[in-house]
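Next come structure tokens for two forms of one protein chain, structure 1 first, structure 2 second.
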Structure 1
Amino acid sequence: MSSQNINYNYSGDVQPPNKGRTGVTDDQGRIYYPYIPSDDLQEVVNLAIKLERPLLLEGEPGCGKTRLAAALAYELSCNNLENVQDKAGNLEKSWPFYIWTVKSVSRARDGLYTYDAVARLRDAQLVGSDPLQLKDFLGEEESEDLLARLKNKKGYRKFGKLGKALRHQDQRPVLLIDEIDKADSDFCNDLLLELDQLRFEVQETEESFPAPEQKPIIIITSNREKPLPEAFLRRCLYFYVEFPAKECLNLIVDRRFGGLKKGQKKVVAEALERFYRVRELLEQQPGRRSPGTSEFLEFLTVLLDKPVAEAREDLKNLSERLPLLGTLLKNRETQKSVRDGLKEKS
């Protein structure tokens, strides 16, 4: 496979086979679900790929920001790799896909590389001790390994997700930087050079890695818990992922819970109606968080596990079914206001 004839276009049409709630896995245990992008989103992804710019996705929690990267990686695997799927539909090979989940303690450099200075120090100390004792202690082979390791400074650095993505040479890997707003406010600023010029340096070994020919496709998600610095925003393409419209959500349900019986389809239709009613009630109250797609899918999972009659009964009296409502609404005040709203209507 030469790098010229790789198809990088994201159409959103290549979907994992319908495997119900489990999804398909790849050779590294990552799970892929069907994903239905809006036309706008699909176009923006292609724009980001063509312009070689990171794509920043914002939107309500649970509206499918993180899943997009996996969907893209899945489509690239299917379009460009041969014999990828086994009989069950799982991927035997996968497109290079890195997920860097940002935590509050994450530092920008950790994404590029970490250098194990302590291990090097320990090795140096061991070598400096009595050679006979060392061989006794570690054995012939191990002590030679130790010496070889110590001579090679580079053996102590490990690349992070971003570092790995920037060193890829054959294809353009997909890199997901998830929840970038969780980190410290300096985090984004520390990444400016790397995201802009796609090159980095390892100080400890004095290596520098120039920008790769195959630029990674970078997708960044943020929940807007903190505003991101202006300079960082300038370098990214921006897209606000809207909550899917009713038809789109219906399609998503169809893909995720395919092969439903007639009665179950009715449950889905009723659940959708109730769900949009709940969202409507919450939209009138600023400051309350509306449930997202992922929560709706959980809600539906619970309902579809029940016999049809019972599920429909539950939906009718949703305001009284607290455990069920708990899959959608995650705090007491919100639950209370929605219950009042639902009661008023019925």
Structure 2
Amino acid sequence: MSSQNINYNYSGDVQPPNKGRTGVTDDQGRIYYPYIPSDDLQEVVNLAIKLERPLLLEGEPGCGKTRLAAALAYELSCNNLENVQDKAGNLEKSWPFYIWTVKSVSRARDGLYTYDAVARLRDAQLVGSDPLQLKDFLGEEESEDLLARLKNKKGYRKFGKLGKALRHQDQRPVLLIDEIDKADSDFCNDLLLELDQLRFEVQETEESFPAPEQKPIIIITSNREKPLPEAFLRRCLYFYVEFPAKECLNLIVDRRFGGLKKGQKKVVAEALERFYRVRELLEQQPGRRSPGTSEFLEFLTVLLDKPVAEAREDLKNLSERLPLLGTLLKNRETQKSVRDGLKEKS
């Protein structure tokens, strides 16, 4: 596919056709849900695409940072791939989309590649011990494969998500580096060259991979658990994702649960009131984490699965409905403070 025929601009207008709780599944088994970006967020995504720079998104947990990359990949799939959806609306073929979820033990190099030196040493020991006995044990074909692999160092390296995105040639892939602030302080500094020049080397095989013609679209998320290095920040565009206002969250609900009946719409309206009341109470208590969009959608899923009268009664007495409250608040102390606040309000 020629890059001149691809529309990389992000509009935020493409929504999964089968409105409902299952979303749309791509050919990798990943699920895409409706996403409604603000005008500013849409603009900064397009700037990152145009300038070929990583986009660093910060914001409180649950505000929608991680979902943005999937929404971009979904829109690129729908706009640029032929026969992309089956009759159920799922993606028969999806845009190249890589997800690198960073953990506290993650190393920057692992996102580029891993090299299994231990496996190579083991294979060398197997071959050197007794070649004839090895052939009797493994069989001729597997023994030949082992010898061929041992002669080729490249057989022991495996590309990570960033390495795959930097080597993709057909289109500009989408790469999500999720929760980069979970890693140690050296992690970001170890990625400066790769994110700046989009090239890397594999030392063990003496391979060099230059910057690809189709540069990846890189979205990076952070929950601000620890500060990021200035040298890293200089290489990124930055945007703080605000938590959606009530009107926007209502629109997200409409896109996610489309086709609600009149009584269910009343449940949604009352659930929104209760949800923002909970957030208001927690904002008055520094150090308490407010529930996010994903938690509200789970909260609402539980309510919409009930008869309307029962759901409205649960909302009216939310302070006493601990299992339901547990979909929003994840520790006992926070639940107690919110229950007290809700009782005072009622």
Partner chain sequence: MAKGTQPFLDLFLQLRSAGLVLTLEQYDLLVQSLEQGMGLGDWPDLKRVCRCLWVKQEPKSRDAQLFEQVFEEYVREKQLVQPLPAVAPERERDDIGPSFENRLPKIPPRQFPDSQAEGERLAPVAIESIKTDWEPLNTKNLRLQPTELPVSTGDVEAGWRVLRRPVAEGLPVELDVEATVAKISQEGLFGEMVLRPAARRRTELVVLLDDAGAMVPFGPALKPLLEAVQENRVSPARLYRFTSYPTEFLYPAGGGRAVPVRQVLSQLNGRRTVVMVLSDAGAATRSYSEERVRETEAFLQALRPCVREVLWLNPLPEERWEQTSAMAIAGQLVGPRLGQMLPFVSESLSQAVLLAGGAG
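Residue numbering: sequential along structure 1, first residue numbered 1. Whichever C-alpha set is largest while still superposing within 1.5 Å between the two forms counts as the rigid core. If you're wondering where the values come from, they're calculated on a predicted model, not measured in any experiment.
- Between the two chain copies, the one drawn from the form predicted together with its partner chain is structure 1.
- Core-aligned CA deviation for Ala148 between structure 1 and structure 2: 2 Å or greater.
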